[in-house]
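Included below are structure tokens for two forms of one protein chain, each presented in isolation as structure 1 and structure 2.
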Structure 1
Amino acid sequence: MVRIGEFSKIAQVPASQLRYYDEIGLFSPMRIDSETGYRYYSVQQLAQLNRILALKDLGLALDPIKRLVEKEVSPDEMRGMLALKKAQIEQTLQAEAVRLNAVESRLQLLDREGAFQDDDVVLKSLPAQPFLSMRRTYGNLVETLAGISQMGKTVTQQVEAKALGRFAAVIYGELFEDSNWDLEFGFLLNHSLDLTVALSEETVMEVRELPAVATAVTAMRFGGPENGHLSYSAIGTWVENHQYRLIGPGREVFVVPPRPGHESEMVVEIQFPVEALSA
């Protein structure tokens, strides 16, 4: 029997933690002196403590561990817990990898530019997302707007609102020509669905996965398309100045969609996939 300080040295666990585990009833000393309150542990208890720490290392929370060591858990429940944990860890791994990517981008950027950028152009990484969309070539602005408006109505009628995310467009051609716009547009979805929406005999919207983008340059455009060239040129000069290169079609995500009579309040996020030109 040893006092808490020695046991904490042996087990390589801070005494405060042992007291805490005692307090929450997870792991208690062999004996507590009823006069002084001193905790006395036996080295035999190391085995138990190690089991607890091993489970904690798996990423389990203390509460489930408590039930585990008290044997209140069926094998099936245990299997469920572990499978859940596994899925969580896999997610975390993915998320961390993306994060690492983003941090590295920033670092490279900083090395080249020497200062932190303070304009409105921002690097992001974009996750893959299901996209209920159609692709077509439009002759002019009026035709496009009409198409979009009709699509909006049809979709909101046929698809439950909470599945629908933001309205978005992918721009395949050059927008700076006045005609023949090659566009894909539709709604981002909050979770993948298997559905199609028929707009007419010839045009059907389908769900596909909009691929993830490791690094994208993004900018916000406030107001209607008349401000569009501003944001595009901001992105264009930024990309040139910072030694990146466009590697895919741009996207516009409608953060605040235009409402009739309030078009000037609309907000669009413009996103371009890029990659760093390796020095």
Structure 2
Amino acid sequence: MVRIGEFSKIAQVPASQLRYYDEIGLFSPMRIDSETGYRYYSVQQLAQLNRILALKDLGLALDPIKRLVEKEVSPDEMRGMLALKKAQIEQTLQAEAVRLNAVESRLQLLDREGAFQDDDVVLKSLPAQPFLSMRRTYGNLVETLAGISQMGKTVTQQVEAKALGRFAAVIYGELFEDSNWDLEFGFLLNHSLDLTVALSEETVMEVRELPAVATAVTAMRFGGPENGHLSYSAIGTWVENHQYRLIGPGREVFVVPPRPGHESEMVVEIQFPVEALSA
């Protein structure tokens, strides 16, 4: 056995924390010298201490930790709890990264003070095209990216590559919302196919024709949706300056589709059907 100082070094835990855990009956030394009051610990106690620290890292208060320790939580249960916490932390970090990118995009808008060049926007027509797709509501960005990833894996396994064009989205809804998006995702097809692709028992992708658009205003977005402010602002500025109006749902065509962990590398063409106000 070793004294508290040596044990604190071995465990990488402050001695003051060990004393406090002893005072509240959470983690006690193996022996206390009755004459000197010195606390002695055994390295065999490290497993119990690490269990306590892991529960603390999960965000639990000391009282619930004490009850769990007394019930002797198994290593498998601990691993499961820590894996869940790890996933929650990763999701939080991803959300914070998205927020940071959105702030940077807003700062770029401030720097430009609303000034956009005409070459930020391209006017063109869009031909009718077969579209293997599915429409549903997505609660948030994480859910949306997971849905895109599932579609990409499933469709590329079941449909020959030469038939598939770019991945695309149709964005429904009259108003912008920060959650619960009504979206239709799928693959533009190089030729019409009579098929369906099941993503699950309840969700099936089907082929329909994406109608032609006589005139669409388009702009490129680099990075994830949180970087879309510049592109959408450029489109809005161009439309107002040139006396057009937006009609129908917008579309996004993925020139470089998202890959898990590499969403910042996305390149997307934003497309809006428009008509001249004088028409």
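Basically, rigid core = biggest C-alpha set you can superpose within 1.5 Å across the two forms. Numbering runs along the sequence of structure 1, starting at 1. Computed from a predicted structure; not experimentally measured.
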| item | value |
| --- | --- |
| Assignment: the form predicted on its own | 2 |
| Shift of Leu230 between structure 1 and structure 2 at or above 2 Å (CA, core fit) | no |
| Large Cα shift (2 Å or above) at Asp22 between structure 1 and structure 2, core-fitted | yes |
| Post core alignment: Lys85 C-alpha displaced by 2 Å or more between structure 1 and structure 2 | yes |
